[in-house]
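Heads up, the chain below is alone and in the form predicted on its own; it's given as structure tokens.
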Amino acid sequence: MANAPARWDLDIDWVSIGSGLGGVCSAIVAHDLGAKCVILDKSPRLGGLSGFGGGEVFVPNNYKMRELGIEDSDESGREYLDFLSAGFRDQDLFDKLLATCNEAIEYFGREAGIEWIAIEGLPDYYHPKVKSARASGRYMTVDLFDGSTLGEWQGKTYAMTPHVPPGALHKEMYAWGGLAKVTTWDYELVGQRVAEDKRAMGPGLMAYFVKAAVVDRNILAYVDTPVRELITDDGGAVIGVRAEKDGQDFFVKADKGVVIAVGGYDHNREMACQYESMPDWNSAAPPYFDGDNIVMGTEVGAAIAAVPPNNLAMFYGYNIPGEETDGSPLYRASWECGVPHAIWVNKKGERFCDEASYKDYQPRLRQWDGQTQTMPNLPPTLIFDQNYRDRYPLGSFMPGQEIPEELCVKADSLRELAEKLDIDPEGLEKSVKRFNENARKGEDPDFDRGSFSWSQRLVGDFDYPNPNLGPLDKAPYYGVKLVPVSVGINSHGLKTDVHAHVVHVRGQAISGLYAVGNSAALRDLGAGYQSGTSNMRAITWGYIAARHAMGKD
């Protein structure tokens, strides 16, 4: 480990390593409790993974849904999240998270000026099949944010992300028909907002928090400043960090504590494949999540903890040739599979899942055949027809635009398409025939596709009796080979306690060291995932960590 330097470059109370929700929230709270704080980030922009995503924060029985008169209760929210955990959550962490999440959300609304909105019309994943699920209101997001109020940080934060629509609120997206109907959206309004830097979803969410931290509170923040090592004293307590700034060592002393909030290991393929038990790995996240939480934590004796990887937030998708983010290939999660006139098949040409629900397809993709020593559903192939092309986009390619051959294979018949894709032709023809017969009736007796309200709302087309079903019966036919695409929710992370303290391999808390967000293992929520829970965890544990370090919890 790095030794304490003869001279510190910066003497501070609280160091946030990472500028996503967890790091920024902890800095805001620490500052409000009288601490001098600094935020250090290896990327050229503030905002972390949260600034690149959908901006949803899942909070049962939140105060904004109550203002709208939407019925919920703490007990129902607990029951639902307990269902998601599938028995793999740590009870103490679970209790602390649920006891604090609304307190934290309300704090940042009141003290940091976050303009929260409860999203109407977006159901919990398992609605209506789970009694404790709700049809609306548990997801929170923010109102439009004016990017010009960030001052010098306007160009050093995420204004847009390729994964969600720019300049559109959830309620507008739903009113315009959802992701399946992007060709009918109000692009004049969207274009005006983009031109005026009016931000929504993830970029808007993080802009509110960044402004609260570095503009309103003048908290120090440095981008392009990766933290390389934690610095400990002779007793093993973390007392600071060694970062790199302008190519030189930059030593920062932390009198109250250091929080690791750097996300996970999405861009460390070796680490990801090992921990996630996958033969391949790619990411939709910006290329700054290299497993620094694991590396820095284990160097000071931190324990690693895990939850089962088979039902978190990993999707399948593709890279459009030449498309990059910050110099790294950009991978898009494929939502097309839940849209009418599209299916997934394996190499036998067989459907194997409800393509409209990644909670169903992810564990089925991980199926292991012990007789053949294979994962028979990998890799999946997206199959669609001209009906689909006439109505819906593929990534950024709108109907009528040519799709590059490197991305999408095209053929005049299903048999020809199967041969080009190295898929069993008879299996594909048989699967499509059966799918079509049922889709014309709005049914999927094999996998019950379209039975979840969330799938209908997000990617369905409500012009159809079943918004997620439509036959593939118009040539030509198309196929896209898919690869795993993670969104930064990893199964392994640093083990933490109810104060967000990092736990040593021998069981004691490591003095001065905290971990929050995706840097901390998901033991609080166990084996399940729900959109918005990652952001909720980051906000809540960031709040908890700073209060504990400042002696308030």
Partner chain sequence: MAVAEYSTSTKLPIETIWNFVKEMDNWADLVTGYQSHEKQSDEDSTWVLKGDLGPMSRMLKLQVHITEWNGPTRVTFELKGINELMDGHGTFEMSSYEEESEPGVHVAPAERKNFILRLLEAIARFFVRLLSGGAPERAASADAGPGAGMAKLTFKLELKPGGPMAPMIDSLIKPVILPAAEQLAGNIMARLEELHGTER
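Only a predicted model underlies this, so the values are computations on that prediction, with no experimental measurement involved. Numbering follows the first chain given and starts at 1.
Only in words, not in the display: the form predicted in complex with the partner chain, which the text now covers.
None of 192, 277, 438, 413 but one reaches within 4.5 angstroms of the partner chain in the predicted bound form through a heavy atom, and that residue is 192.
332 is the sole member of 245, 256, 242, 332 with a non-hydrogen atom within 4.5 Å of the partner chain in the predicted bound form.
Taking the partner from elsewhere, residue 154 is found to have a heavy atom lying within 4.5 Å of the partner chain in the predicted bound form. None of the heavy atoms of residue 298 is located within 4.5 Å of the partner chain in the predicted bound form. Though the partner is left out of this view, residue 462 does not reach within 4.5 Å of the partner chain in the predicted bound form, counting heavy atoms only. The partner chain in the predicted bound form comes within 4.5 Å of a heavy atom belonging to residue 188. The partner is not drawn, yet in the predicted bound form one stretch among 229 to 237, 342 to 350, 299 to 307, 179 to 187 has residues with heavy atoms inside 4.5 Å of the partner chain: 179 to 187. Residues are counted as partner-facing when one of their heavy atoms sits within 4.5 Å of the partner chain in the predicted bound form; in 473 to 500 not one qualifies.
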